[in-house]
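The form predicted on its own is given below as one chain in structure tokens.
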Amino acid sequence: MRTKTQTTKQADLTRDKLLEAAFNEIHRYGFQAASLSSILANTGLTKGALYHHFPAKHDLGLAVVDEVIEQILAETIFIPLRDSPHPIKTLQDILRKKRGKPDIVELGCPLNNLMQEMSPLDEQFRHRLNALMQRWQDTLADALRRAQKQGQVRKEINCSMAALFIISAWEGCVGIAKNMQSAKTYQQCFDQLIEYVSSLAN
């Protein structure tokens, strides 16, 4: 007989499998074209398991934003910047690492893809996506302000506006490169973004 803890862990694993499969499906095809049948086929789970955790496809999509995409950004950007004693160097390292992964060109940024697709159509999606983008901007602006206090960033820099520009350029690099299916364009664009970040420093 399963204990309550074992049952809870199994439920968590099932939910995680559904979220991972849904993220991959949405990233490749977009939310509207994403197939629940394909998601279930890729997990080996039943419709009952799906609807137990996510009563509707809409709920599943929002959970992908709140839990999967947010976690990716947290692990690769938010936490490293928040914990860094040298924010400018850490930001440059993050950008260089991103530049070194041009495979994103094929499908594009999952966050930006959903913003382009769903923000004009669905208020809940727009609200969740905007909240995530705002967290990104706030985290980056806070990191730049810390660097400014440490003398690493020029005093005249408006850190909030610089953060907004960096994110806009970042997403623009990925979006243009995706449209062109060009790794070279992607890397050239990130080279310019890295130079911009370097220009903020004293």
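The first residue of the sequence shown is number 1, and the count goes up from there. Predicted, not measured: the structure shown is a model, and the values here were computed from it.
The same protein has a further form, the form predicted together with the DNA, not shown here; the description that follows concerns it.
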item	value
Stretch in contact, per heavy atom within 4.5 angstroms of the DNA in the model of the complex, of 156-164, 141-149, 170-178, 41-49	41-49
Partner proximity in the model of the complex: residue 134 to the DNA, non-hydrogen atom cutoff 4.5 Å	no
Residue contact check: residue 36 to the DNA in the model of the complex, 4.5 Å heavy atom	yes
Partner contact for residue 57 in the model of the complex: the DNA, 4.5 angstroms, heavy atom	yes
The DNA contact at residue 53 in the model of the complex, heavy atom, 4.5 Å	yes
